[in-house]
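There is one chain below, alone, in structure tokens, taken in the form predicted on its own.
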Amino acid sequence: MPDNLAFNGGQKQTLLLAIHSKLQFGLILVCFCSISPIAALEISGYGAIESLSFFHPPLDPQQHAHYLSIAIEPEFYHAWDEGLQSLVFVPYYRLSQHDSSRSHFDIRELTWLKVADDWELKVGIRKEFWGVSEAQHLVDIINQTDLVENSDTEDKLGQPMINLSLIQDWGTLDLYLLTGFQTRTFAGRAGRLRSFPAIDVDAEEFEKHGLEKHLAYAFRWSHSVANWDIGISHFYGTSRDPSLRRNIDKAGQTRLIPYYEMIHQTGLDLQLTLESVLWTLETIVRSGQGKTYFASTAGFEYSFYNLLGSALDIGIVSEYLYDSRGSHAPVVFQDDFLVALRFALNDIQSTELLAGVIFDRRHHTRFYNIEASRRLGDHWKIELEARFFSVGDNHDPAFIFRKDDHLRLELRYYF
């Protein structure tokens, strides 16, 4: 292993402290469940090696053109009580070259599940996904984004919670007590993609402290009616999406400090299936981060099945992304269109490809994205992502990515 893929003393201490604090909670759950009859423990998961390459020289000489990393995510599953109770444990670890902020450990899941006829109780650390759109998931707010994993914001950190699901004829009502808070991960000064100036996670600030900072509350009602899938949700607690405040440190250097406010967010997600067309909508109203604002993503996917008599399926995806804050929004997507093609070969190797572009109507910025994956035999899978940024307006929040066109190649082994 290269020397620059190893930890220094301070990084090792930070990592060990993080592992120790997370495993304390895990030990409690494991001890609790150990009183049950022990059935066969099922072990699965994957290990991966990733190559992340950039096509242009970096804006900061501390950054690099290529990053190598390794990751492992095992899963331990144990069920008893005739399957009515179960425990799942999914730790995650990545060791990254150059960017120490990307080397991290997290418990993605450590959950005890109790199932009854009309309710389910889940206690522990979990990942909970809400959303139906392709370009972004506005309503998906339970888990913190693990931004160092991937710039698409779809990787999430584990969230401690108690989740009671009430399953009735009129739908499913999920009640959440979120009992811990994790701050967002950001690339370090040597990492890419990152902001300019750099984000100082050691100086992060919070609107509330103590118990109020760590506790959050949420509910979601979901139901299927004919061709409609409906979800209505509300969240109150510390925002998973921090504001970034400019600050001057003692050395006179400009930095960005994450500031986590208390917010209310009400969300609606809809999905309508009509033969070959899938219509989707995600919309939110959020208060607590400046003026109350509204954001939405709406679109459709039209699918052509068994094209020209083959097993090939092609889907045409189109979405519109809107944020009522307009040019004042601290986000990239404010007034944008997505157009994409999805290819599914439906072969034994499960070959898939998604290629698309997002057009920014205000700044004329374009984001090009290609994602492909294919299984190799029974245990291997290869994934490829290519992202390109065409940015000409220095007032666009995406201007910081103008030199960050990149290719990510990952080889996974599943066991």
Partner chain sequence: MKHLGLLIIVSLFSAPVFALTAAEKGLQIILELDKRDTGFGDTQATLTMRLMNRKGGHSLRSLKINTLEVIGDGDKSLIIFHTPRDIKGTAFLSYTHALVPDEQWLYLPALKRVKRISSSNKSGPFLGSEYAFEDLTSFEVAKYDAKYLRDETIEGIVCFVIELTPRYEHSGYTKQLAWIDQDRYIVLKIDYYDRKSALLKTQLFSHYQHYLNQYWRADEQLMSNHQNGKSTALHWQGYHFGLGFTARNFDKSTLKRAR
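Positions refer to the first chain, counted from 1. The model shown is predicted, which means the values in this text are computed figures rather than measured ones.
FYI, the form predicted in complex with its partner chain isn't displayed, but the following is about it.
Asks: Indicate whether residue 202 is a 4.5 Å heavy atom neighbour of its partner chain in the model of the complex.
Replies: It does not: once its partner chain is placed as it appears in the model of the complex, residue 202 has no heavy atom within 4.5 Å of it.
Asks: Is residue 41 near its partner chain? Define near as a heavy atom within 4.5 Å, in the model of the complex.
Replies: No, residue 41 is distant from the partner.
Asks: Does any heavy atom of residue 305 come within 4.5 Å of a heavy atom of its partner chain in the model of the complex?
Replies: Taking the distances in the model of the complex, the answer for residue 305 is yes, it comes within 4.5 Å of its partner chain.
Asks: Quick one: does residue 248 come within 4.5 Å of its partner chain in the model of the complex, counting heavy atoms only?
Replies: Output for residue 248 is no: heavy atoms all beyond 4.5 Å of its partner chain.
Asks: Taking 214, 372 and 411 as the candidate spot, are all three within 4.5 angstroms of its partner chain in the model of the complex by heavy atoms?
Replies: No: none of 214, 372 and 411 comes within 4.5 Å of its partner chain in the model of the complex.
Asks: Pick from 335, 81, 229, 207: which residue has any heavy atom within 4.5 angstroms of its partner chain in the model of the complex?
Replies: Looking at the other structure, the residue within range turns out to be 229.
Asks: I need to confirm a contact call. Of 289, 271, 144, 100, which residue comes within 4.5 Å of its partner chain in the model of the complex, counting heavy atoms only?
Replies: That would be 271.
Asks: Can you tell me which of 64-72, 48-56, 357-365, 379-387 lies within 4.5 Å of its partner chain in the model of the complex, counting heavy atoms only?
Replies: Careful reading of the contacts points to 379-387.
Asks: Which residues from 180-202 come close to its partner chain in the model of the complex, meaning a heavy atom within 4.5 Å?
Replies: The stretch does not touch the partner at all.
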